[in-house]
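The chain below stands alone and is given in structure tokens; this is the form predicted alone.
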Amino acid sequence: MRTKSMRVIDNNLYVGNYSLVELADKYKTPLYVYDEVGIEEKIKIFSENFKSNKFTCEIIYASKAFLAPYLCKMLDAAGFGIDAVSCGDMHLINKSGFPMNRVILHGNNKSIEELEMAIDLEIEYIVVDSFAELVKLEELAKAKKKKVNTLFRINPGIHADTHAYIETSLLSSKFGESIHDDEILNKVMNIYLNSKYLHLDGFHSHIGSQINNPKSFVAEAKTMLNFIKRFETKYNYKMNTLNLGGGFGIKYTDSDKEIDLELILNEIVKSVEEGIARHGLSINKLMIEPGRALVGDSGFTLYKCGALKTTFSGKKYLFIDGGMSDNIRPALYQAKYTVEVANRIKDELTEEEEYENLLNFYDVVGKCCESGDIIALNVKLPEVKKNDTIVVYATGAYTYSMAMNYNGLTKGAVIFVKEDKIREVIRRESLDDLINTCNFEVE
């Protein structure tokens, strides 16, 4: 699970020109580190494999995975778009200098403030999630007398082989309107056909996350293209855009299936090209929204071992100076990770030790006051010592963006490393940051 530019020198793990121990000592732990070379490689893979000579292909980064101004600048240079899900996202993206006409807004319960900001910033699309939201957006657009380009989110009812919490297209999902709900779709089109300000440019769908099989995306594309054909015929309304969402997986552990991203991207494009030709559709833009697949496996988290404990029952704990406050995924949906000791990377157990000494299987746990504060279970490691630098791989997505201040803990810094350059893209929180929004006046 090591990142693109990682290497081992004298039993120590390096990224670029820096040892992980050196980074941990300088920037303190927990520390989020991104291998910039790895992100650049992923950008290249998406750019070179998601393209067609039959329609425009747009890659929209799903910013909920991780968002920082420096990453916005990298994505801008690559010609990518970015999606947002809140006023905070749009504000950060706008302040970074990213062109707002390459931003789209998502969300199943967008506030008036979010919709107004999106309209005022003239973003590329608002992805309308429901009929109720469409009614609200029509009122706002009419009041502002501003034209608004939209996509409408359709729930295609496709089962994706992933965790239930990150599967988004079952017919019971909170996202979108069902592909089978003709009554709702009739109401939706009635608004669009009679609106002076709202334009329906196409449809959006998303079937889940951490998907590693191209068949899921091909099934989604075929289902949506069949739907668009029926829709265009019924309403005599031509569609320009199809957005298939994201969900591209990454490898977290050795037992995870290897993901052929190039194959998946080419299969998506091929299936859409064939579907457009078969149905005689006028689609001229295809969009996808990778997040985790762009940054997830280029990021990792560094901790220090604070203590070790062997319980009366024989269970061996490795206590780190972080936990669910900086990585909630294991507690949220039992995510699994690969863990190593960065400063003794080549230490290995002998066959006899592996067979006889099962105490070298550690539960890596955090410092929060919760029994579920777990990073990894039953991790096989050489003997760990206090102050060792612990590295947890593939934490580049949905870790910092989901981090919290539970137990009064501060969020760690985020750095990008490329060869001999280090960029601190988000500084470590201070104790004062925890109280800056508090009112200390007592009447």
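Just so you know, these numbers come straight off a predicted model, no measurement behind them. In case it trips you up, residue 1 is the first one in the sequence shown, and so on.
Below, we turn to the form predicted together with a small molecule, even though it does not appear here.
- Contact with the small molecule in the model of the complex holds for all three of 83, 204 and 402, each having a heavy atom within 4.5 Å.
- Distance criterion of 4.5 Å from any heavy atom to the small molecule in the model of the complex singles out 210 from the list 155, 301, 210, 298.
- In the model of the complex, no heavy atom of residue 110 sits within 4.5 Å of the small molecule.
- Shown alone here, residue 246 lies within 4.5 Å of the small molecule in the model of the complex, counting heavy atoms only.
- In the model of the complex, the small molecule lies farther than 4.5 Å from every heavy atom of residue 42.
- Put simply, residue 89 is far from the small molecule in the model of the complex: not one heavy atom of it is within 4.5 Å.
- With the partner omitted here, the stretch from 274-282, 305-313, 328-336, 133-141 that lies within 4.5 Å of the small molecule by heavy atoms in the model of the complex is 328-336.
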